[in-house]
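A lone chain, given as structure tokens: the form predicted alone.
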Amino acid sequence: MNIIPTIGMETHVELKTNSKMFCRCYVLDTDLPNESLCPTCLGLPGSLPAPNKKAIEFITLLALSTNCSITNEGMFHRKNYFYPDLPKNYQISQFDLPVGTEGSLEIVVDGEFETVEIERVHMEEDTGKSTHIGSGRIDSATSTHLDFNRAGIPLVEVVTKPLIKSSKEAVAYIEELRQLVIDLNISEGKLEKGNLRFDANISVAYEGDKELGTKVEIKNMNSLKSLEKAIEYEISRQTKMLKSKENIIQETRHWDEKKEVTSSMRSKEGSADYRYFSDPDIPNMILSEDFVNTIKATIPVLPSEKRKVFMDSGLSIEDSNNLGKSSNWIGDFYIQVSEITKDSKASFNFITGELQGQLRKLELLSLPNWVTAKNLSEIIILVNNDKISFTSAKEILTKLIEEKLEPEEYAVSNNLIQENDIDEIGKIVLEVIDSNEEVIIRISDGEDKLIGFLVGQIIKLSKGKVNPSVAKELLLKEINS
């Protein structure tokens, strides 16, 4: 009988606000500890929280963009637990009245559309940061340093329903959510900076079972690669336990990046353990219809809508999805170029391959203003019409990024135009054949890989002017005649 994994994702999105969630302390991007603090951050007696309106606008925007129903009359709660980086001994969060409920997010997995169902989108504050000196783990550290710069930064927690079926689907979901918050301009979305942090809840059960298996939460996954590996490991671990009829414990486990295994951290708390109650210092959060409609009017073009535009231009689902994960100007530039070249695939390949590669090499974040859709399209069309080789196209592109030029004029003046005269190419082919009799014999004996060597010799003799495909076609014709 098949064993079926079930995965739910909990993702914390750090919002891009100037100040913290419940005080006026600045949100700082600094390695200097404890630079942005106040009595509210530290939970000192007498300090009172005041909600950040911009953060509430941002979470409403995210909830609407994930197709959630908005809770018009909500509130903040106190989530009670003790940890050194939580100075109040509780976290201001939301419990039964989150901002958004019953949403969904379209993702792409293996070239197919899937839908991830979202259970809730709620607002809370971040905790401080603990640095365990020595081993990096609290159980074997020599000391722990606390930095409260992060304490109180606005966080949105997005919780999916436990309906994700594979690690690949979980990764695709995080990629889509990350792109969404970037496009909404509500978060930097940088995993390496902790702007997005995610936990995976995993269980396994036999196919046909009426209930899900025991849920295990995995923490400390700081990249998409570690997320995929951690889920795969945990599915394998629980599957072996289920088959051998071992008892799977509901717990929180730590992902060890070096050993690539999970290890037990603590027993998993339930909502009752947190003793939620409404925060008496914060008034109820009323999101009026006018407020919600005002936010709705600011929704930009979403990743799913960008994908549709790219697919309508002729790209596959997979290519459209990949292009949608690039900077917005890359997608806009692709549309302009493909409209000129009338070749969506060639335009996509050249822009996402050669152009972006050159920009990365030169550490450029955008194009020089003289690189236009028109002159880039001219390079692609020259290749498509067999006037220049792909190698020459790369050379022209490199020069174009350095200085303003006309691609075809540059190709002509630098002898990059390919020779397409069949008779002239035929003469070069015969010359190469006559000079490589031993190679011809070996090809006749079955060493087909040497054909590429001869094509290279033809191109070398023509000083790069011969179209390789034409050269190969004439070469094979002569060898087989």
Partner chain sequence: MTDKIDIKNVAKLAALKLNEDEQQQLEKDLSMIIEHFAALSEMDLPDDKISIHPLGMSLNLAEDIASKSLTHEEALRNAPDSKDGQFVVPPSLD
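Because the structure is predicted, anything quoted here is derived from the model rather than measured. Numbering follows the first chain given and starts at 1.
The same protein also has a form predicted together with the partner chain, omitted here; what follows describes it.
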Contact check in the predicted bound form: 19, 24 and 279 versus the partner chain, with a cutoff of 4.5 Å between any heavy atoms. Do all three pass? yes
Checked 61, 38, 417, 451 for heavy atoms within 4.5 Å of the partner chain in the predicted bound form; positive is 38
As a check of understanding, the residue in 224, 241, 75, 309 with any heavy atom within 4.5 Å of the partner chain in the predicted bound form should be identified as 75
Against the partner chain in the predicted bound form, would residue 132 count as a contact residue? Criterion: heavy atoms within 4.5 Å.
yes
| in the predicted bound form, does residue 70 have a heavy atom within 4.5 Å of the partner chain? | no
Using heavy atoms and a 4.5 Å limit, would one call residue 273 a contact residue for the partner chain in the predicted bound form? yes
- Message: Test of understanding: in the predicted bound form, would residue 333 fall inside 4.5 Å of the partner chain by heavy atoms?
- Response: no
For the partner chain in the predicted bound form, the stretch among 51-59, 409-417, 451-459, 431-439 with residues bearing a heavy atom within 4.5 Å is 51-59
